[in-house]
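Just one chain is shown here, as structure tokens, and it is the form predicted on its own.
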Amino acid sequence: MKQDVCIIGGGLVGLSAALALARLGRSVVLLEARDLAVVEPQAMDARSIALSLSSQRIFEALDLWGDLRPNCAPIRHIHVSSAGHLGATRLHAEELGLDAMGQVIEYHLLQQTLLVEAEREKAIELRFPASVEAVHPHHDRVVIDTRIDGHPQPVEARLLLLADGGQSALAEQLGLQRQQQPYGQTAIVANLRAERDGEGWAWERFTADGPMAWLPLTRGRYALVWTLPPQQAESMLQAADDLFIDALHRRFGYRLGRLLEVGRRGHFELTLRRARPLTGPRWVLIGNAANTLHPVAGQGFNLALRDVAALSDSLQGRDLSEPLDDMLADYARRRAADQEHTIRWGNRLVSLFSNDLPLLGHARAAALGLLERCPPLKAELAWQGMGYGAGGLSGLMRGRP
């Protein structure tokens, strides 16, 4: 049976897209190589996702926020500083008329909520683990060659979404050009428990080695994202817990008292990846398949969710049996501004704050101090971080399904 949409990739982006399109009345088949019914990590071993306010609004419009909210920790204050210098900037949700500027949720809890909702949705067919071998775009459909348990099970759909990550082999089959820019940094992620609850504070601490983010989690825990040169990162990954904690205190101080516990440490190499074009004959790239970002501004998943929201707008009331070239080209043009702005903003932060030049260090501190005394610029920075920058407002960001 021919589906309206086939989505390849059952991670956060693919599941979110499936639910958004199902809410439009589209029939969706989602293909994922992994078995999504995996054992969940322990409380101190989970990856985390920072949801911007725009992402929260999108989940509210999709009627998912009620299930997500109990597992989220609000970000009510943000403290941005440069290690070894006095200048700092503080952002407060209440000054913007908001309860919170964003939320933080553990990756597996968000994935589980989206998966359970997708399993309930009659318009969505989930197939996993499924091996996708090739895609064949035609003028009126896309044929996807798949295998499940070794048996061929081809899929036909009017539109294909690639949401299978930044190193998709299928993207290469479609003749895409992929730009890569290694940052020469490794991100260490871990959950932490400290003596004091941060009470809604998130910290972005720029050090000579790279940025360090502390994000609030439920039950008084914190999610750490620490970027380092690869050799230093390897040393920290191998260090005993007490030595790792001491290294964190030297760079972050004792704002939360002493650190009491560190969970299992994970890591990933940081590379900016961009695929072009974003669309082609009856296919679209979304999420990391289109752009893989540096985590410094916490915008990767949030940018991807804005892709989903914009695509939902583009498909509203559209007959998918008709030619889609103009619609897809228009979608790509409209997404370009948001993607370019978000990537450029992140790269500037990396360039400005990830080096140890003494004079530049003083200049950074002075800039943060001036920003602290300029409320309009602080507000603009905050709204950009919340996803209300150059991309415009989609229907889902306005709260409309």
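Position 1 is the first residue in the sequence shown; the rest follow in order. Since the structure is predicted, the reported quantities are computational estimates derived from the model, not experimental observations.
Beyond what is shown, the protein has a form predicted together with a small molecule; the following relates to that form.
The three residues Cys72, Ala88 and Thr207 each lack any heavy atom within 4.5 Å of the small molecule in the model of the complex. A heavy atom within 4.5 Å of the small molecule in the model of the complex is found for exactly one of Met101, Ile124, Leu256, Ala130: Ala130. Taking Ser168, Gln185, Ser312, Ser81 one by one, only a single residue has any non-hydrogen atom within 4.5 Å of the small molecule in the model of the complex, and it is Ser168. Partner contacts here mean any heavy atom within 4.5 Å of the small molecule in the model of the complex, and among 235-243, 326-334, 282-290, 313-321 they occur only in 282-290.
Using a 4.5 Å cutoff between non-hydrogen atoms, Glu32 counts as a contact of the small molecule in the model of the complex. Although the partner is absent from this view, Ala163 contacts the small molecule in the model of the complex, with a non-hydrogen atom inside 4.5 angstroms. Not displayed here, the small molecule is approached by Val189 to within 4.5 Å at the level of heavy atoms in the model of the complex. Proximity of Ile58 to the small molecule in the model of the complex falls outside the 4.5 Å heavy atom cutoff.
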